[in-house]
Every structure is written in C-alpha cells, then in structure tokens.
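Consider the single chain below, provided in structure tokens and representing the form predicted on its own.
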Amino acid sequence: MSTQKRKTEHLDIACNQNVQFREKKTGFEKIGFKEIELEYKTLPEIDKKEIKLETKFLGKKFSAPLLVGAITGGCTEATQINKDIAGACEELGLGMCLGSMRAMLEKPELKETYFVRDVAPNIFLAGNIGAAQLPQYSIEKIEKALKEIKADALAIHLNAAQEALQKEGDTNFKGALKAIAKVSRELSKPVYVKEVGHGISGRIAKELAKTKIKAIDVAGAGGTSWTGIDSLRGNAELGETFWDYGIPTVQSIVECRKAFKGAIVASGGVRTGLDVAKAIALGADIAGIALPVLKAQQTGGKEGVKKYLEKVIEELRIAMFLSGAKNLKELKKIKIANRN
C-alpha cells in the first residue's frame, strides 16, 4: 500500500471512529480515588487581565505555550486541513508540527500537501520524519525537504508501538538512536524528538539527552491511540491487546523532566487549558494538542480551529489566575497535589 493511501486511511479513522485510549488515562484527570490538582488560591492577589502567556520554543516566539501537534500530510485531504490549522495558528501566534513527511520524501510532488507558508508566514513550523526511516535519508535530502516547506525545525517521531501494529509497519529500529544523534549534530535546523501517543520513559530520555536534540515531546498515553488506529486498519485482534499500551502523559512528563535539561512538550490527551496548566506546573515548557484540533477543523474549518484554540488559551489564563501565577515562570512554581 502506498504511503499516500495509508495517510488517507489514518485521517478517515481518526475523524470518524473512536480512537481514544479506552482504560488508560493521561494522569491529568482522576486516577482511581486521586486527582492531579493545582493549588487553588482563592486570594490570588493578581489581576487576570495582566497575566502573560508569551513564551519561546526553539528560538521562536509563541503568544501562548501551545503547539498544534503532528496530524497529517502526504494526501489530497491534508492540503486544506494543514492550511486551515496553520492559518488559525498564524492569527493566534501559536506553533505547528506537520505530519510525517515520508510521503513527500518518496514523492516530491506531494510537497503542496505540507506547504502552509502562504497562509502562515510567521509561525513556528516543524517538519517531521520517523526515526525508523531516518537512516534512509541523507542530511542533504532532509535539509532540502525542510527548505521546500520553509520549516523552522525538524521533529523526529518515535512510533515503535504504532509500527508494530501497522500491517505494513517498519519495525527495524536498529541504528535509530545513532541516526538521531547524527541529524541533531549536523542539521542546520533545531531537532527535537516526539512520540506519537504512547509516551517516552525516563530511561529513553537519558539516552536522548546524550544527543544534540533541543526538546522532547512526550506524547504520552491517554489521548489518541495510534496502535488503535492501525489495528482498525486490519490488525484488530492484536490491536485489542495493545490498544492501551504506553506510558501515561503525566508520568512521561515527570520522568523526562528529570532526565532531560532541554525543553519538554507535554502532549498526549491534552484537551483543555487546565491540562496545559497542570503540564507546565509538572515541568513542561509548552503543550501540544492534535486530535481535538483536527475535529474542530473538520466541523468548522479555520474558524473552528481558531475558536477551539482560543477556548484552550482562555482556560489556561483562568487556571493561572486561580493559581496566582502572573506568567509561565510563576506557573512552574505552583504546587501540584495528588488529592484523595
């Protein structure tokens, strides 16, 4: 099956079927009888109107600590989706990571399905290549691909669990860490590593910390299950076993923060601004959201995406107000409690 057709199937399943983790939760919500909570300051002693959300990620300014995570590219349907999302991010001053560029690297004519600079000339924009495929491409080829879409950085996605359940999956990860180290050392653009929704452990973060990558996007378990999506494409029996496989987002944030000194992106089941606030208080620098953005685009186009992201931003502002945090630096100092 062509990469292009697989991309179309992924989009169709993500848009039209329930692809959430079933039992495993992110950790932001209730876990048994416990719940992750920010300290509530009923006397916050700040003016909500003066709260500052601005930050920087890999050298680019963000109006709020939000990155739209990798969704799609490489098929006809992706063109408008990416432009709508990028256009909303441009108006709001947020960042975006494109879907895997494997299709474009195989067929350069698919570049237009990833190109968004006509509608979003100023946003942080990351290209995206899989770790399993990375050894196949020269630095020069990767540089050219990033230049063609005018990307600011390269995200390298780790998706061993997804590949294992994908009927045409690439499960040869030999040399992947060495390839990541080489690209992060030699590429002219900043490089970061991300999972796709099954989490990164502290042990792996320690290995990645030995490379020159600038950030880790934990993409933990509890949101969209990519083992689930690919099991629905034809590996349903095995998919039932591994649907809920992975490290919950909160656990992954905490482990990676201890092991890695660079930036941490919290994604994987992030759905609200309160989730974003909790993630930053736990040690993340920014948060990533993907599936809800896709759903918003499908129902409302660019304006639907913008409306959803504005809601998340306002929820974050309210969470910070109720925690007495005037900016993100202060939010990182807010106490997190596991309350009965």
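Numbering starts at 1 and runs along the sequence shown. Treat the numbers as computed from the prediction; the structure is a model and nothing was measured.
Another form exists, predicted in complex with a small molecule; not displayed. Remarks below refer to it.
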{"property": "The small molecule contact at residue 292 in the predicted bound form, heavy atom, 4.5 Å", "result": "yes"}
{"property": "Heavy atom of residue 196 within 4.5 Å of the small molecule in the predicted bound form", "result": "yes"}
{"property": "The small molecule contact in the predicted bound form: residue 322, any heavy atom under 4.5 Å", "result": "no"}
{"property": "Residue 271 within 4.5 Å of the small molecule in the predicted bound form, heavy atoms", "result": "yes"}
{"property": "Interface residue in the predicted bound form among 165, 256, 88, 219, criterion: non-hydrogen atom within 4.5 angstroms of the small molecule", "result": "219"}
{"property": "Listed range touching the small molecule, judged in the predicted bound form by heavy atoms within 4.5 Å, from 220-228, 165-173, 236-244, 141-149", "result": "220-228"}
{"property": "All of 63, 93 and 280 within 4.5 Å of the small molecule in the predicted bound form, heavy atom check", "result": "no"}
